[in-house]
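As structure tokens, the next two blocks hold two forms of the same chain, structure 1 and structure 2.
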Structure 1
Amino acid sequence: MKKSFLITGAAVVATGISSAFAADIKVGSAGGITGPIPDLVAPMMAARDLAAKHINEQGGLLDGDNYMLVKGDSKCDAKGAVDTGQKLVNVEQVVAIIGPNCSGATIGMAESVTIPAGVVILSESATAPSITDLEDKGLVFRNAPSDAYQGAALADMVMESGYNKVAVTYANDDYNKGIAEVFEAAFKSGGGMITASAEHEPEKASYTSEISTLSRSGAEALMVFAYYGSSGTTIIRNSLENGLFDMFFGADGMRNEEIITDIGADNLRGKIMVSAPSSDTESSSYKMFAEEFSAAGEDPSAVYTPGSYDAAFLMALAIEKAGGTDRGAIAEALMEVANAPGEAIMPGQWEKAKAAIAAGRDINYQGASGSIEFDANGDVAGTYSLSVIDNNGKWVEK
């Protein structure tokens, strides 16, 4: 009796660990679920899940297999990413990984786990320019443009909006510092003037003193490079309450509904513009995603969420194209399904894509976040637009 219990127990464990259900195809969904930006990551994970749901509702992968996203907590930290990467790759035996979110985590996981194991990763939010130079054997992709694009694009857009003298404050982390540096160089070379620039340590209770020092430099606007949650909202609030600045520009880490509910749409309208990868909100791809994501009770304007959906959808397309679960074949297929030429596939159109692949036709995914064309480094070029707050208190592209 006892023995048979043990055997059953062992069987249960084994079922749990290996993919005993032949109908599951596991893909890792790694992200900084805990760590410094849990608030940004949660909607991104939800958007990936939405893509998986669409795919499974429309026939699933290959022979009706279940597209199963296995979550991994990369903690926005290289050590955490390596840890969760090891489990996804070796224990869960995933065929590919979506994520992780943060650049440091992405570099750590790629260099130490996934490149040696031959597993392809696709991050929707790792934006550090240094990821471009990884010796990745074609295994590291991202569908978020490198910061190098955004900083330069933002510099142009700020000047086009009529501001030539700005002060800069940036959170001292890899993401915000990267954009700030590119922005400053581009802004100066475009003839603009940086009156003062200072980093700030994120997660402090007040930034009044830092901003007041910046405000005395005679700037017309303040550039806020920060995550909205860890310091951005506080900086805007401190500035407005104290009358230190009344015009702000930010990058995509600031684009979140929370900042509007916190400070109030009326207090912010006309005073803040943020850049974000232009998902061309008029495109039918974005609308399709936005409608579905809103219906699931989530906020489609949350930063990178269209890209999250796209990443999960693209990975499924790659598996379908590869026609099996061979890790190498999936990595090769990823670029084919994303890039032109081919039959246009939009978010939610899984059945159509499946039919096209089955018929041997080329496909070209047109994502919610843009058309997504990978270059040889596995990067995408970025097009950016400025978002402002509309009369309904929502972010809209200008």
Structure 2
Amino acid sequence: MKKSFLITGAAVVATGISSAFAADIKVGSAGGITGPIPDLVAPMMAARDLAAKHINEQGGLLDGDNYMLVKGDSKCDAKGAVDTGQKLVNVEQVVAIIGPNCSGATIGMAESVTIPAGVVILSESATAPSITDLEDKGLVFRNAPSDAYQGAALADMVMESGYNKVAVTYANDDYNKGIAEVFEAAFKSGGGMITASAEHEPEKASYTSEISTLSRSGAEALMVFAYYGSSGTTIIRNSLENGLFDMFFGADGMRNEEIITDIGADNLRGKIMVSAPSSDTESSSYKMFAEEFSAAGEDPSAVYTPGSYDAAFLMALAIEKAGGTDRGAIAEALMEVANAPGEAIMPGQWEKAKAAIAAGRDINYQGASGSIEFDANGDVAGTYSLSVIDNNGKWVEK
């Protein structure tokens, strides 16, 4: 991989040439900056940027090169992700990509762009079970657990909350269809009843007709598998306004402050619970991240932000371990820096990691989101919690 050195305004391409000028090592930072979940994505992008800041402040990559995150708007859909991936890989010449956030976007970018180009991607939030089965040549990783875990965990939590008969509505996209399928199978296996299930198209002005049909099924609650910004908020508003359902469950695509702002905390409190991956907030790794992220004016409890920091830090560790910018070597090194055994490295400890790698010692990154151990498919396990709306009108873990 060639490096570009900016000297007196001219780009000079050089390979293996020593220079007093630091290079920019470009890594794509792809996310749904626009689309159905921009408010959820914004703090995730900020967490990635914080990791890059820590790395550059502590010596940078390799011989002092700048860790440069090149942003790309994948729009939370396959077409937007393919367009962004092509720009990042072919124009910006990134050596790896963090993201995209959404499952359909991740699958589209991987299949059409990054796998053919031999570029590794690491998503902190693409959770569709189908990603596991991609023919990815070892190039697709995610440090958020598959919805094969979340759907089953949510089924258990719904029944533990006292609801045994539910109706299901799910958006027509990879993420929401995938988690709905897992949830329904797990819920029925555990003794619950799916009274009705229906797919819906995102971005409709009203879902009253569809929800009216589901409400006549005898369900005690409505499972809403949707992104809050594309259909989830509208479904819940239609349900409440028309007296169709008064209890709702959802997954991480619904956990955002915007739904509270739009519908009102008093209208939702005690009527909605959503699942999301959970970090151990008492761990040293999480506390190190949370302190720094809070100091930057951001909310460390925002969904997926600890994992977003971890994804950016892990990719830098892989580049350092690879000893250069060869795309294939970076992909191979990613699992090595994440998985045990090795010297424990926590968020912010770039100098320590850099010294260990230089000395030839193995490292084992202990993330803000938890221990990250990739399996052969590039997946990780995880834990989940239910969030509710507190008396201050904020999402909190139950």
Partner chain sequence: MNELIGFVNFHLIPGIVLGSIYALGAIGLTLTFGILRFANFAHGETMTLGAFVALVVIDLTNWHVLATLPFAMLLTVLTVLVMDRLFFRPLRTGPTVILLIASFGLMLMMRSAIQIIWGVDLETLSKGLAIPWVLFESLRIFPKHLLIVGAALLLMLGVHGLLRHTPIGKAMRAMSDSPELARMTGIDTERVVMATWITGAVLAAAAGVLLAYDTHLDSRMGFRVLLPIFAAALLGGLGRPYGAMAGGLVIGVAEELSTYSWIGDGPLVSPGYKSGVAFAIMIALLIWRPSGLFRGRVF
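Residue positions are counted from 1 along structure 1's sequence. Under this definition, the rigid core comprises the largest set of C-alpha atoms superposing within 1.5 Å between the forms. The model shown is predicted, which means the values in this text are computed figures rather than measured ones.
K.L.:
Is structure 1 or structure 2 the form predicted in complex with the partner chain?
P.N.:
Between the two, the form predicted in complex with the partner chain is shown as structure 1, not structure 2.
K.L.:
Once both forms sit on the same rigid core, is the C-alpha displacement of Gly324 at or above 2 Å between structures 1 and 2?
P.N.:
For Gly324, whose C-alpha is compared between structures 1 and 2 after core superposition, the shift is less than 2 Å.
K.L.:
Establish whether a shift of 2 Å or more occurs at the C-alpha of Ser301 between structures 1 and 2, with the two forms superposed on the rigid core.
P.N.:
Result for Ser301: no, shift under 2 Å.
K.L.:
Superposing on the rigid core, is the Cα displacement of Gly253 between structures 1 and 2 2 Å or more?
P.N.:
Yes; that C-alpha moves by at least 2 Å between structures 1 and 2.
K.L.:
Using a rigid core fit, what is the CA shift at Pro202 between structures 1 and 2, in angstrom?
P.N.:
Pro202 C-alpha displacement between structures 1 and 2, core-aligned: 6.3 Å.
K.L.:
Can you read me the CA shift for Leu240 between structures 1 and 2, rigid core superposed, in Å?
P.N.:
A shift of 9.0 Å.
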